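For reference, the chain that follows is the form predicted alone, supplied as structure tokens.
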């Protein structure tokens, strides 16, 4: 009978998945359900304000669990940290791409701009992206709405800085008798144009830049340990924070506080080696995309045209990416040789991609949504995704 859940075909599940919050591996049968009855408030791990998580023994005909008070439940949680994850993770393989950068590099602006572009122009960009579970990406939706769907596009707006704790980006949990902080990722279902179903889930992390500074990751706040499982890394580099780069690009001297971005890169490489059990002199085996931000300010000096986007024929162009990489690398070598040296010492596969999250609108004192004009904003993330095994850029050697 059509529509009767009893006669629906069985779904294929992944053999094993990893929690996107604490990275614990477990079988789909070990996943907990989140109770729906309001009387079941309070979980010993997730917190007193969270619904009880439980391993069900009763199900209805649709496969939904029945909680101890008889309510139907469909939301899932990790058996270790008890944080929610999308149901699609039971059925579709997930790939982690870590987003890294120094404080103030513009990670949140770039993520919001890239997500908005991918939602609206996925066919032209070659991959179509939707929320795996919209409710769990609410923090990103707020940023997208503020920048691109404002009720008053003439009013100046500004994204809040990513907090180092709380703020929707992190959760406090009780693990093994101690309090720990775990990150809240953004999770998307991604499919190449023409496919009917998602072929992969993409898990992105937007940690505060302070968490990538030396000594900031510890046992109580293991919030960047996704680097140990990442299949790709997008490092957001703000060239305007580097005085040498500003001189090489012909920009005026800046007054903003700067960060040693080469040290952030070196710290990131050290954590990747540590979490993967690699030698300290071994090159990191993860592909690295350098998202060179605020390119509207320096692209001309690099000889890069942001108006010639890196897409053709319904996907990203390896030839255009390679040309942009070479131009960016030449400018970086002139302006910040210490960053290039750190880059070459730590990574074997590197791709530099120019991008501008907001265009000439700027972001120092807020921005009017009506003036935002992103350029290449999604390109670093499309490139990172397509550089994963099986992607159209898998064999790319810039």
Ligand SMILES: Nc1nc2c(ncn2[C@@H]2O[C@H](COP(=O)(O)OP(=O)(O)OP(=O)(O)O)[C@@H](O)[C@H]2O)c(=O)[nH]1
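This is a predicted model, so every value here is computed, not measured. Numbering follows the first chain given and starts at 1.
From this point on, the text means the form predicted in complex with the ligand, which you will not see here.
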Exercise: residue 356 in contact with the ligand in the model of the complex, heavy atom 4.5 Å: yes
Is residue 137 one of the residues lying within 4.5 Å of the ligand in the model of the complex, judged by heavy atom distances? no
Does at least one non-hydrogen atom of residue 104 fall within 4.5 angstroms of the ligand in the model of the complex? yes
Residue 87, heavy atom within 4.5 angstroms of the ligand in the model of the complex: no
Heavy atoms within 4.5 Å of the ligand in the model of the complex: which stretch in 309-317, 76-84, 278-286, 206-214 meets that? 206-214
Just one of 248, 92, 297, 184 has a heavy atom within 4.5 Å of the ligand in the model of the complex. Which one? 297
May I ask you to choose, among 259, 117, 192, 162, the residue with a heavy atom within 4.5 Å of the ligand in the model of the complex? 162
